[in-house]
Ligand code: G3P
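One chain is shown next in structure tokens, namely the form predicted on its own.
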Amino acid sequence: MPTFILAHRGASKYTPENTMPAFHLAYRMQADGIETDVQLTKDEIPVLIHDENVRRTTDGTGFVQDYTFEQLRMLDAGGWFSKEFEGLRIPSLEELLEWIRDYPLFLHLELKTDVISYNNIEQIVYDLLSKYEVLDRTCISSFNEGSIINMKAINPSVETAYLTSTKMRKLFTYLNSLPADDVHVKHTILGRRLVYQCRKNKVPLRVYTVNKPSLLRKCFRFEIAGVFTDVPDIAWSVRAAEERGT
């Protein structure tokens, strides 16, 4: 099984992150899947934006949770990146699902519940995934173990992943206690021992955020489950070269 290339917030090096153009471009760049972040609006609509506050990636200010979906859609989510993308809107999760169900892409959703505890976000997201029949190719991740536990309580067969940016001495004991199926780690803690332990414990390992060709080659040679990257085109070229042995 090859290491999957997962477009981190879409092809976010080239387009505004977590927007429909970023997802469309990732597909054209032959990514195997899409990674994106989910927050809830004031009226409990799941939307795709990384930060709890809108100021970095829109022309607005304040927290996502204080906007209704209609109010949030009035913000410009592309102008901060370049004039070419002025007028882009923050997409809803449903907008992404309507598009992705017709494409052979895996979906990785990070529930952004480690700062703000969004009420019922797990059930809301699950219901939409079920509606669009993409549960079998979706992985739900979070830094917040509570979200993983909640999702497993809704449906134990949903694939889940625990996110971590730090080394943990008893990682696999902890994963079993959640329980989480997979682990997603920051590239700085990737090493031979972690790869060996994941393989031994049959835990799929994915690494974020991998953009440099040298680090991409390292990941592909370790034959981990997936890499999250802002540059799926570069990742694809590096993987192809590794497969050719060049």
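Keep in mind it's a predicted model, so treat the numbers as computed, not measured. In this text, residue numbers run from 1 along the sequence as written.
Below, we refer to the form predicted together with this ligand, which is not included among the displayed structures.
Trainee: Looking at Phe106, Trp80, Phe172, Phe143 here, can you tell me which has any non-hydrogen atom within 4.5 angstroms of this ligand in the model of the complex?
Mentor: Residue within 4.5 Å of the partner: Phe143.
Trainee: Can you pick the one in Tyr27, Phe220, Tyr208, Tyr67 that has a heavy atom within 4.5 Å of this ligand in the model of the complex?
Mentor: Contact with this ligand in the model of the complex is made by Tyr208 alone.
Trainee: Among 189-197, 32-40, 58-66, 212-220, mark the stretch whose residues have heavy atoms within 4.5 Å of this ligand in the model of the complex.
Mentor: Only one stretch passes the 4.5 Å heavy-atom test: 32-40.
Trainee: Would Leu88 count as touching this ligand in the model of the complex under a 4.5 Å heavy atom rule?
Mentor: No, Leu88 stays farther than 4.5 Å from this ligand in the model of the complex.
Trainee: Are any of the heavy atoms in Glu122 no more than 4.5 Å from a heavy atom of this ligand in the model of the complex?
Mentor: No.
Trainee: Does any part of Leu75 reach within 4.5 Å of this ligand in the model of the complex? Heavy atoms only, please.
Mentor: Result no; Leu75 lies far from this ligand in the model of the complex.
Trainee: Taking 4.5 angstroms as the cut-off for heavy atoms, does Leu129 touch this ligand in the model of the complex?
Mentor: Leu129 lies outside the contact set for this ligand.
Trainee: Can you list, in sequence order, the residues from 107-136 that come within 4.5 Å of this ligand in the model of the complex, counting heavy atoms only?
Mentor: Contacting residues: Glu110, Lys112.
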